[in-house]
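Next comes just one chain, in structure tokens: the form predicted on its own.
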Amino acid sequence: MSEEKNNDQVEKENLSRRRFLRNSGIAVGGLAVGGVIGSVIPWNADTAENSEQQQKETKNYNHALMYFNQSEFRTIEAATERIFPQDDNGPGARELGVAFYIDHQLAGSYGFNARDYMQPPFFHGEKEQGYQGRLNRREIYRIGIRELQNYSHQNYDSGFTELSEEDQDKVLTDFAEEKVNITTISPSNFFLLMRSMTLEGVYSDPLYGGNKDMDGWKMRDYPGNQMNYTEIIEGDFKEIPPNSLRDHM
């Protein structure tokens, strides 16, 4: 009789403990959550609707500034949108996150010209030789952005980001055609550098900040980074969805 009572008591204690764990939220999917967090998680709420909502709320932590300040970023974002604008074919540079790509590149070794010979003497190079100056790319951008704003204020009484798209195009065209009087940098070299990096941001792997959701590739039907084509190399042409480097992790 005594042993039977002990068994009943043990069973009641186990039931009580399981009830406590369930109600307090300590055990959630095998993970220790605990306290207030566990108590607010809705049980049996793993529905398709909740899952879709969670995906929408997921932040893109790759879209964070590493070099530009907010004002510089907005200027480059506006300029790159005019270089690669949104149209019927798809999104433009702003929606593709191109300005983030440029910001991240300038924050790293590319922005410091780490792989280029940057020692004096500095001579004016021929057009075929490309850039021959002492300033690195991040310095060129910082000066170029300031001069974009100065030129816009001098000729249109507004900052570059406040101009109409038509006037922004005129300012960029003046830079491209060397119609802007700047002594520190070449206006056309700055424009060409920005244009080149804009196209890189549109079509590079999303890992680097641009080409958001691989939409740049999708506009070109480009397959991105595929591991191999052995299963489709023969036969009729096949369309395949693009892959990012992240998809192979």
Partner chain sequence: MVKKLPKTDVVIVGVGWAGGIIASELTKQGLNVVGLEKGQERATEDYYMVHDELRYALRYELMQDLSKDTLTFRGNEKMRALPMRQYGSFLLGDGLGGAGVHWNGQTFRFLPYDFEIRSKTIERYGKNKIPADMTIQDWGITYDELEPYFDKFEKMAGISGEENPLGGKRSAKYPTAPMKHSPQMRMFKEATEKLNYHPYTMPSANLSEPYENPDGISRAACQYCAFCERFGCEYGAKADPVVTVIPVAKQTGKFDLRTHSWVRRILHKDGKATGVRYTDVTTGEEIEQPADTVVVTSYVFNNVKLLLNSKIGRPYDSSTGKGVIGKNYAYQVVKGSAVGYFEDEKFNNFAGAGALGMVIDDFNGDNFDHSDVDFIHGGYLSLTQTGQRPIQNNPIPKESPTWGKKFKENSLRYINKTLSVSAMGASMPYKQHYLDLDPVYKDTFGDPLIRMTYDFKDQDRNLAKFTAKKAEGILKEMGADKIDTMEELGPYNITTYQSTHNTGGVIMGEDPETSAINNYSQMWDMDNLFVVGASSFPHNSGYNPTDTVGALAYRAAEGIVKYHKNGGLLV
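Residue numbers count along the first chain shown, from 1. Values in this document were obtained by computation on a predicted structure and should not be read as measured data.
Below, we refer to the form predicted in complex with its partner chain, which is not included among the displayed structures.
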**OP:** Report yes if any heavy atom of Met219 sits within 4.5 Å of a heavy atom of its partner chain in the predicted bound form; otherwise report no.
**Re:** yes
Original post:
Can Asp169 be called a contact residue for its partner chain in the predicted bound form at 4.5 Å between heavy atoms?
Top reply: yes
Original post:
Though only this chain appears here, would Arg82 touch its partner chain in the predicted bound form if you measure heavy atom gaps against 4.5 Å?
Top reply: yes
Subject >> 4.5 Å heavy atom contact, Asp157 to its partner chain in the predicted bound form >> reply: no
Original post:
Do all of Tyr67, Arg146 and Tyr151 end up near its partner chain in the predicted bound form, with near meaning a heavy atom within 4.5 Å?
Top reply: no
Original post:
Along 228 to 249, which positions have a non-hydrogen atom within 4.5 Å of its partner chain in the predicted bound form?
Top reply: Asn228, Tyr229, Thr230, Ile232, Ile233, Glu234, Gly235, Asp236, Phe237, Lys238, Ile240, Leu245, His248, Met249
